[in-house]
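Just so you know, structure 1 and structure 2 below are the same protein chain in two forms, each on its own as structure tokens.
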Structure 1
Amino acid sequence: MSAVPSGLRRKLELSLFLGPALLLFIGFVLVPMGLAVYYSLYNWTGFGSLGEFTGFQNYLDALTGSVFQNAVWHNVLIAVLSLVVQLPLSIALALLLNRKLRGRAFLRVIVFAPYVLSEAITAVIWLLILQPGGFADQVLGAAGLGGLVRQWLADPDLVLFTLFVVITWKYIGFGIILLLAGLQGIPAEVREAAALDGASAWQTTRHVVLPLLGPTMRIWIFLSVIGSLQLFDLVWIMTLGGPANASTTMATYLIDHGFKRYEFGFGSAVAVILFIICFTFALLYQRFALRRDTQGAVG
């Protein structure tokens, strides 16, 4: 029996290992994406026949609607706040937890624990804390700060910032652990050389550690922005996008119209817009920010 040619054997191996994953990707990613684009061109309720063909009218209605425009702004605001608040805080805590401290392992567990909780559990916990007369109000009252008590989830001017506090509590542990991994990948010899050259601890951190931590920070920024653009679970459970659409995001807007109001064609158009926004950001970020980190790895 003749041996199988090496070229054919390689193709068979690739087909065997990549085939199942490729079929799953096509069936659960590409096909649903194609169906979403198709349904977005119709005025469809999700039941029965597709109804009237509307072309790109659903896209125009979404893009020109004030509620969707505000939803986009809310997503962008959460992303900006994440970069301005969460990133510096994550770096500071990671630098602190990277030192030799008593109980360092326990502190790392405490910091990372909220990230392990599901979004549903986190939302329910904070709903109980932030309800009128709840734990947050009781703590402020006991500290003599009763004048600061607010309707945390019912004030249109405050609700989005309240949600950002919850988001920070939930996800900052992931950023800290990611940055800790980056810090531990920096050779100790680099810091020792900087110290021998007379650099202070702050100068070493600023001019040596942070530049070497750049690739890790860029990965965190990418994940944070994409997560902010796709924000749904916490907002939907805690506020349903209210009050008066003050905390609506693109994802909650999509679900509200697509599944609660049975505007499935319109919801599909919003889903396509959300995908285009995320995909465009991912491409641009890969091109201008992550390219320097991946060139050496794939070159």
Structure 2
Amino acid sequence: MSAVPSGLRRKLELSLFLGPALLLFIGFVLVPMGLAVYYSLYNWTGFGSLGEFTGFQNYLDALTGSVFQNAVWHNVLIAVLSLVVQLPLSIALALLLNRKLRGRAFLRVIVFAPYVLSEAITAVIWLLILQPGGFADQVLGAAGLGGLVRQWLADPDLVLFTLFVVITWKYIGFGIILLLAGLQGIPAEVREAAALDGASAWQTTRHVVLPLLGPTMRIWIFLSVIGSLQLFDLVWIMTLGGPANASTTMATYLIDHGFKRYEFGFGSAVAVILFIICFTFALLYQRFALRRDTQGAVG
């Protein structure tokens, strides 16, 4: 290290550089987070003086309540569906788009476009498409699949899957771009060597390319699960968690209780549970899956 300044000056410089960011981060991220833990121990409306201290009662109520349990299940279902549907789909499409195609650059931009739209705009677009008797229903009818038409957002058995389709439309481009970047990182020599050893195209893909994509896939899985656990905007605008809580997520449940029913303490408890779930997942995932790939990027 070069020309280390004297102690006091160094400290001054350090606090000048680090101080403002810490102040902002602590003030608007860490303090609210700590306050959430504090409020979660009270039965409080969010107005007037802090209500009655109830200890872990809010947590117990949330964890034993069927609506919250369903919300957790919905988040998990979305996460699992993403893994079994979106991941293979993104890999297949990325492999295809990695071939030498005319207009490939254009294709990549197009596929990625929905990702830059806000979830709010995405939600409104699909609300309009899915209106009963609307665009989606007419297209199905024209394709001879009119019998499939359903109450896409009003049917409790279906609403979550409808939302999943919308989520896939919005986020698939992200997976494809990520995997394409991963594919580009695989040297051509590796594939050529496999081909020289007599491997078929499928064998090369299966035994050489896919394992080398491992790090990219693991990152995608991480982001996808965290995103699924935190799902809010899209669901809130499209269904408000309905009908009859059939599409509640942890985040819509928490906002609903905190801001619509003024159960501030209870909502905070839900928030803390949501955070603990995300954090635990991140720690375990970091420890068991990501460790080989990244050094200290997360956590």
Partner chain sequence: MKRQSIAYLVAILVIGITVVPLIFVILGGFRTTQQINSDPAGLPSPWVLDNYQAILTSPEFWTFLGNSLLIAVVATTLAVALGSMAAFALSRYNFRGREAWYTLFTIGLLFPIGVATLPLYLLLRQLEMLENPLGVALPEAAFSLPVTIVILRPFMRAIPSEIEDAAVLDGATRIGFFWRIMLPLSAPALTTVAVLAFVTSWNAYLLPLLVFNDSGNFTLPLGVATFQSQYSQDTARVLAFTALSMVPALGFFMLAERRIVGGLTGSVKG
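Nothing here was measured: the structure is a model prediction, and the numbers come from that model. Superpose the two forms; the largest set of C-alphas matching within 1.5 Å is the rigid core. Residue positions are counted from 1 along structure 1's sequence.
Novice: Could you let me know which number goes with the form predicted together with its partner chain?
Specialist: Number 2 is right.
Novice: Taking the rigid core as the reference frame, tell me whether L283 has a CA displacement of 2 angstroms or more between structure 1 and structure 2.
Specialist: L283 C-alpha, core-superposed: shift of less than 2 Å.
Novice: Once the core is aligned, what is the C-alpha displacement of L24 between structure 1 and structure 2? Give it in Å to one decimal.
Specialist: Here L24 registers a C-alpha shift of 2.6 Å.
Novice: What is the Cα shift of S15 between structure 1 and structure 2 once the core is superposed, in angstrom?
Specialist: That residue's C-alpha is offset by 4.2 Å.
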